[in-house]
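In the block that follows, a single chain appears as structure tokens, in the form predicted on its own.
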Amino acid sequence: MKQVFPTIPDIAYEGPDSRNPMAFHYYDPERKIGGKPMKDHFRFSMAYWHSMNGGGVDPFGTVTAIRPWDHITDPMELAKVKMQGIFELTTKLQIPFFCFHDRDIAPDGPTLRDANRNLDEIIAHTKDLMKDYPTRLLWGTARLFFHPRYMNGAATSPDPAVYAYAAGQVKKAIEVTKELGGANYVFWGGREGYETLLNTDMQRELDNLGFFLNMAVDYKKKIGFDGQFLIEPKPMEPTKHQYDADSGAIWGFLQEYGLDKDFKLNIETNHATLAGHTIQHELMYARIKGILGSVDANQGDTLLGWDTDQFPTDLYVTTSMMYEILQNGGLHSGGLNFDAKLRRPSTTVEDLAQAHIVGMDSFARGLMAAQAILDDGELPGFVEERYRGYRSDIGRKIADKQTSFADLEEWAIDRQIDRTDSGRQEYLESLVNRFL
């Protein structure tokens, strides 16, 4: 079989002293951290939409990337070459998974039937590739935001015809995800929100979205798909306000519509930034609620106000992420998906490979630091000690919910309550730096 990326070698671990840009410097797949190989901590995945379809386009300019399929004009031939390309590149990079939207991998059509026919042909091609390559599917999803029909949302559209089309598209996307052995299926709202409340019936939109997701759960059970359903939070962009704004908003939504046992979250670093949170906040919130399922790994630019989807290189951020993931017992059926794209002036396939290498190395460094912090014990011990008052006396009664306002007033009324102990934030930040 002719290679799509013949200039990209197999990428191996060479250690931190290596100057080879086509090698791992910290990511050693078989090295055990906390008793588990690195590769099992991460379950790395490549995003089809950025790595195969991204061309450096931005709102002010067209394609800049140079790819080996630029000469192909037939849409189905192009789709098949790109699919071979992602299997080849993930194998060379030792990335075990990939992710896709349905319309990323196969051309759309004038009707849903036409689009499904195209998708079936590409899925058959993908199954053939799976016989020759080790790469597997982390998750699939439906692209319910690109086509003009979705300009007002999909499951929250004011038009029931669009709602019905979206349901049919998701039904098919779940089916093909199951057919390829996908470990998860993601719902990303995209445009499930509003631009202005002047023309929005929020209650109807929320109820319709809740019903849509409940129908998806029913269909998942009907066809015996045992993958995990995930929702991806994002507060805005392209829509002014999206209903899946952050982990907290989704947790409340899931409980209201009886979905909290069926869904976990696929949390993206850059989306946390847009929500005004750190990624550690979003991961911790999901972790303590038992709904941390998977991660879209990237980073944003603090000087830009939109979702730049850059490859992760910030070691402080990757350390904080792995600190939460380790305490979650890992990502289980989820993984770290590089929902990240090259900067517009980075045009070559070598840039694409090296971007994934630095992302994997950055998470390897983060994992090592996070595990060392947990093993050292001082940071988690400080947090435990800070709340020591809730282990005895009146604090124990509060923790056990065995008290009342009247009881608490009686306990406090004649006591002089002064400032609490120092939070020692600066010292704790220096403690984390010690491990980086």
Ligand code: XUL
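In this text the structure is predicted, and so the values were computed from the model without any measurement. Each residue number is its position in the shown sequence, starting from 1.
Just so you know, the form predicted together with D-xylulose exists too; it's not on screen, but the next bit is about it.
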query = Even though D-xylulose is not shown here, does it sit in the model of the complex so that H25, D314 and D361 each have a heavy atom within 4.5 Å?
reply = no
request  = Check each of D102, D244, E324, D296 and return the one that places a heavy atom within 4.5 angstroms of D-xylulose in the model of the complex.
outcome  = D296
inquiry  = I need to confirm a contact call. Of F87, W251, F212, F145, which residue comes within 4.5 Å of D-xylulose in the model of the complex, counting heavy atoms only?
reply    = F145
ask   = Only one of 133 to 141, 107 to 115, 71 to 79, 173 to 181 gets a heavy atom within 4.5 Å of D-xylulose in the model of the complex; which is it?
value = 133 to 141
key: Interface membership of D120, D-xylulose in the model of the complex, 4.5 Å heavy atom rule   = no
query = With the partner left out of view, is Y48 within 4.5 angstroms of D-xylulose in the model of the complex by any non-hydrogen atom?
reply = no
ask   = Does E232 make contact with D-xylulose in the model of the complex, using a 4.5 Å heavy atom cut-off?
value = yes
ask   = Would W188 sit within 4.5 Å of D-xylulose in the model of the complex, counting heavy atoms only?
value = yes
task = For the heavy atom contacts within 4.5 Å of D-xylulose in the model of the complex, list the residues of 335 to 369 involved, in sequence order.
result = D339
